[in-house]
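Take a look at this single chain, the form predicted on its own, given in structure tokens.
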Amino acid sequence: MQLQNVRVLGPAGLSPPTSVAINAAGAADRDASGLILSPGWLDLHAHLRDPGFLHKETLQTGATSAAFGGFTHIVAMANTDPVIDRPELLRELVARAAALPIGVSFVAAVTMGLEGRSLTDAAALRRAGAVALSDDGRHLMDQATLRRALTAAAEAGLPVLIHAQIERLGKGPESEAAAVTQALEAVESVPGARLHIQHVSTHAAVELIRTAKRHRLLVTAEATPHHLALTAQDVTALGPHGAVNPPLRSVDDRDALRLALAEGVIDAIATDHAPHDVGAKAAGANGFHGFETALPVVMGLGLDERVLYRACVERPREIIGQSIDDEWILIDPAAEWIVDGSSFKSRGKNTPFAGRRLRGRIVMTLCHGQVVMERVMQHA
């Protein structure tokens, strides 16, 4: 497929309009004036609910939804039922994922059952296909267990992804700061360990991570589109749709995240895609659908294009050791549309952006020479 007059997103930002040949079986050449071609985005943090909660999401529905959102690779967390804490469970998921339209990688648990006590076998999980370890959704490890976990993960060549929240302290900013402090102290004492802080949401955590990076600790961090775009002021209007963990924070917290992202203190944007059925969300279940609104929300932040590339394409792959492999998305940055969760390809329709007019949408997603989605654009 030949794309004429397309701008290409890369490490240096957006190119002038140019002609690009893409490996895409059966796809027609097209004039792409006004469109942006980007390597596919990678989402470091998603909940696919499979196995155990198939009414909320499956590998197939999650992968399809991600493709419609512009993600050509997603990373699924381990808090399923059963928890992905044994190699045989992981091997089964990896085998199933091979048939999906996009890349799906898996994070295995740090501790058995996410209970914070007995460590999983990091080396065996790496051999079974894990790209990282995380007890995301829980953080029950004490300092000694966390150090042992970081040691084992380092020996296996895996990063540890930390759910930055001390559970006994609740969901306030002090809980996040305490968890980040604990994790940074632990990684400082374990040579070669790689630590990744998930869904950073507070100014205090940003400053702790900034200081750690100045001291050259091997730490990376992510923030979600919703924490970068929304604040606690939005929660009242959202009702049950505003329930998320960590909670939406203050304007100061949001602005600190945006600055940290621009500076590279926050390395990546990750959705924390958390699909729920209608009943669960109405009852206050935490989490938002993330895949199909991420791109316009992120593009609406007004980021420098070099930051956009780094946070959505480059750094997520570096963190889990993946390369860009013939994965592309075609974006219409001018397309305006009104969010209607019922149209999502995901089984989870729970979005805080319902009814909002967003700008920017995926036209086409391509993986390994195949067009896995193509949308006929209709401007709202």
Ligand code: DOR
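Being a predicted model, the structure only gives us computed values, none of them experimental. So that there is no doubt, residue numbering starts at 1 and follows the sequence shown.
What comes next is about the form predicted in complex with this ligand, which does not appear here.
- When contacts are defined as a non-hydrogen atom within 4.5 Å, none of Arg7, Ser38 and Gly360 contacts this ligand in the predicted complex.
- Heavy atoms within 4.5 Å of this ligand in the predicted complex are found in exactly one of 286 to 294, 141 to 149, 114 to 122, 175 to 183, that being 286 to 294.
- This chain lacks the partner; the member of His73, His196, His163, Arg254 within 4.5 angstroms of this ligand in the predicted complex by a non-hydrogen atom is His163.
- Although the partner is absent here, Ser105 is not a contact residue: none of its heavy atoms lies within 4.5 angstroms of this ligand in the predicted complex.
- Proximity of Asp267 to this ligand in the predicted complex: non-hydrogen atoms within 4.5 Å are absent; the residue sits far from the partner.
- Proximity of Thr231 to this ligand in the predicted complex: non-hydrogen atoms within 4.5 Å are absent; the residue sits far from the partner.
- Proximity of Asp272 to this ligand in the predicted complex: non-hydrogen atoms within 4.5 Å are present.
- Taking this ligand as positioned in the predicted complex, the only residue of 49 to 65 that brings a heavy atom within 4.5 Å of it is Arg49.
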